Structures are given as C-alpha cells and as structure tokens.
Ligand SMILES: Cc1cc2nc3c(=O)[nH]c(=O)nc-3n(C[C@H](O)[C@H](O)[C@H](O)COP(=O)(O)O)c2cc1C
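Only one chain comes next, encoded as structure tokens, the form predicted alone.
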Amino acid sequence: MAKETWKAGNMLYPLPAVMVSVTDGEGNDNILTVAWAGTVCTNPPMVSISVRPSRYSYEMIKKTGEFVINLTTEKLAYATDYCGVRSGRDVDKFKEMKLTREKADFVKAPMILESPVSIECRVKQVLELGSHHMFLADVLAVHADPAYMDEKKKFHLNDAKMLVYSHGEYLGTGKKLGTFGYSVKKNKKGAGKKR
C-alpha cells in the first residue's frame, strides 16, 4: 500500500527533548523545553535551537546572547514536559521542579545539575524564519556528569536513559542496535559481510 500524501509540515521525528536554561542577567533565570535543537557544525562546534518569539525565554536569549542546552533523561521526563508547558512569567521552574542551578564557566545562564550533559552556548546569529526564530550558537564548553564515566574515562551517555520527543510523546531511547560503522566493519575473521 502506498503512503498517503499530507500537506507540508514537520514530521522529522524523533527529536532530542532538551531543557534550555537562560537568564536575563539581572537575577531572573528560566528553563525552556525545546525539541527543535540540533547540531550545526563540528568545526567550529555549533548548535541551533528554534524558539517562538512569544516565549518568555526568547527575550532573555536575545538580550544576553547566551543559553545552556541541558540533555534530558527518562528521570527528567516530568520536568522536561513541565518546563515546556508552564511559563517562566508565572512560575520559578527551578523551584517547582526541584532542579539545581549549577554555575557555568563561560555564560551567565545556569546549567541544570541533574542533566547528564550541559552545553554552554553563545549566539552567533539569529535567523527570523517564520513562526520560530533560529538561534545559531557557538559551543563554548561541554560539561559531562562523571557518574557516566568509566575507569578509562570513556563516557557512557546512553546509560543515562536519554529522552526523545516524537509526535507529541516522550520516549526512552531503548536498546542499542549497533555502533557507528558496524554495517561495514569486518568480522573477527577479517571478512566483511557481502550484500
């Protein structure tokens, strides 16, 4: 049976569900949940987030030119959803969700201690694209929770049970199916798989 054709829309799923922490530089911090976030460039390291201008955090990012992307886990699913549906105009999300502010090294926005990875970002460019404006940002530093580091200093992020967002639902990332390049790696006897 052939696929149905729908009108143009956003169906690129699953997406990372991240909590973006921001500040106005005057003592007011907030957390914004973003599913439209992604890697832009490896060298220099860059990321992007897309935010509606009507969101409370939007003006904070525009004002300071800084934010922190905090990766989320299954344990953070409730807080991730809450920070996406409640406005920082009305509540202190750090307080309500019992999340811990952690000082960043390069930006004034706080990191979220409970996140396994926090990525400090400085805005390089704002693209006003339509319903959302895209903040292209340089990555200034990455902070990783040592709880997921083994004795050889290898980081095991998947052990954190990462969270993704797909078509209105939050999901765990599930089981490992392979590693990068496994489809072309040679087996132990030195012979590659034939197709």
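Keep in mind that this is a model prediction, so the values were computed, not measured. Each residue number is its position in the shown sequence, starting from 1.
Omitted here: the form predicted together with the ligand. The next part is about that form.
Asks: Please run the contact check for K154 against the ligand in the model of the complex: heavy atoms, 4.5 angstroms, yes or no?
Replies: Heavy-atom contact with the ligand at 4.5 Å: absent for K154.
Asks: Does any heavy atom of K62 come within 4.5 Å of a heavy atom of the ligand in the model of the complex?
Replies: Because no heavy atom of K62 falls inside 4.5 Å of the ligand in the model of the complex, the answer is no.
Asks: Is E102 close enough to the ligand in the model of the complex to count, meaning some heavy atom within 4.5 Å?
Replies: No, E102 is distant from the partner.
Asks: Within a 4.5 Å heavy atom cut-off, is W36 in contact with the ligand in the model of the complex?
Replies: Answer yes; at least one heavy atom of W36 falls within 4.5 Å of the ligand in the model of the complex.
Asks: With the partner removed from view, which of 65-73, 39-47, 137-145, 52-60 is the stretch that lies within 4.5 Å of the ligand in the model of the complex, judged by heavy atom distances?
Replies: Looking at the other structure, the answer is 52-60.
Asks: Across 161-184, which residues bring a heavy atom to within 4.5 Å of the ligand in the model of the complex?
Replies: Counting only heavy atoms within 4.5 Å of the ligand in the model of the complex, the contacting residues of 161-184 are Y165, Y170.
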